[in-house]
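In structure tokens, the next block holds one chain alone, the form predicted on its own.
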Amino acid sequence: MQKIYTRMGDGSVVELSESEVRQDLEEGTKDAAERAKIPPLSEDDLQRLLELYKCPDKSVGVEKGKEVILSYDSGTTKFNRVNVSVSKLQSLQIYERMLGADTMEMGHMDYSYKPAKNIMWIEQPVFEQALLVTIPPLFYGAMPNLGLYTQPDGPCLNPMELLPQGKISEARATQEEMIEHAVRDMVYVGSLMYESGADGINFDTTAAAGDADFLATLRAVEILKKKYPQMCIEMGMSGEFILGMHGELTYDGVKLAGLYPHKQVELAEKAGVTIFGPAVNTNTNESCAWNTARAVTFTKACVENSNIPIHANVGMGVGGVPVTETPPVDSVSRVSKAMVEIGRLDGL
């Protein structure tokens, strides 16, 4: 029986039979459906995914005319990760003129709002210069990253140290204090960069520190949107569900802990988010077929429950893509095609 060349979630090559791939697809969508209480992929969707993985081509693409927007987070830091020394301006020009980016983003190497606030006097003139030499919409982005507000580098006690001691109320109190600091920094940076000409502001890896992180970002978005009604705000998530590190936080009467993408987007939309980016974690012990079916199930439900554009996180370790520094094109292209044609995304 002919084997199908594919990969595991860690990027390692594996050859599976058609029946094994089909089983992985069914189990992947079932896992997502049961966790988030959403519909699994239809029989037709599963068959399309199977044909996608049976295709012998190394890379695949969407049909002509079905292309979507390609947006990039942390754009000016990624070349440095692979030891390519280029300036922020040069990296943005590479994205535009060589990679064909539809939107671009500038950010500080530390890529968090707390450290970025201290160098706004450096970031603003560089950003203004970048606007003069590029054409696509240019965002400024960073992570909320509530962890940076804990001692010894931040002003707050570390809730991860308090929780093992059984100091639950103290851990919750310090997270609430961290929220106030983070909101202030995100609004400060977002305001300055928008007034410097940014076409949009991106809150990337939102909720990495749990429900307090998510609440801080929602509040910052709400403030910025009232201050600048025309501001384009993108919110990219860090994982498929909100960790209840606090456990009792709510927004607009909705408890944040445990929310999956199709519910996360509802609150993001209420706060004023313009573009939402769901993230689905990749399981390294399962095949790419399993991970793709699972990721598409989550994002399809998110798209159907949203009134704003959905640009899913499809990259290293999320959205069905293997957990590798440089994801292989055979896996990335299949995930991208599945997300667009089955998940009905507006962008990647």
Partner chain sequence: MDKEQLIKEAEKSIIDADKAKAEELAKSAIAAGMDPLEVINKGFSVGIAKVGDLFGRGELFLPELILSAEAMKVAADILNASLPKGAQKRGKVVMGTAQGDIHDIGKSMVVSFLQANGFEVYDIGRDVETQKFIEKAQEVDADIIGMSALLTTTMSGQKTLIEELKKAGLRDKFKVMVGGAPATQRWADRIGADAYGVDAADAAEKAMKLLGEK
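Model, not experiment: these values are computed from the prediction. Residue numbers count along the first chain shown, from 1.
The form predicted in complex with the partner chain exists for this protein as well; it is not shown, and the discussion that follows is about that form.
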### Task
Counting only non-hydrogen atoms, choose the one of 283-291, 51-59, 301-309, 38-46 that falls within 4.5 Å of the partner chain in the predicted bound form.
283-291
### Query
Hey, in the predicted bound form, is residue 247 touching the partner chain, heavy atoms inside 4.5 Å?
yes
### Query
Quick one: does residue 8 come within 4.5 Å of the partner chain in the predicted bound form, counting heavy atoms only?
yes
### Query
Hey, in the predicted bound form, does residue 160 get a heavy atom within 4.5 angstroms of the partner chain?
yes
### Message
Residue-level contact is defined here as any heavy atom of the residue lying within 4.5 Å of the partner chain in the predicted bound form; does residue 326 satisfy this criterion?
### Response
no
### Query
Thinking of 95, 99 and 194 as one candidate spot, does the partner chain come within 4.5 Å of a heavy atom in every one of them in the predicted bound form?
no
#### Entry: Selected contact from 232, 173, 243, 223, since only one has a non-hydrogen atom within 4.5 angstroms of the partner chain in the predicted bound form
243
### Query
Though the partner chain is not shown, can you say which of 86, 119, 109, 168 has a heavy atom within 4.5 Å of it in the predicted bound form?
168
### Query
Within 245-283, which residues have a heavy atom closer than or equal to 4.5 Å from the partner chain in the predicted bound form?
245, 246, 247, 255, 257, 258, 260
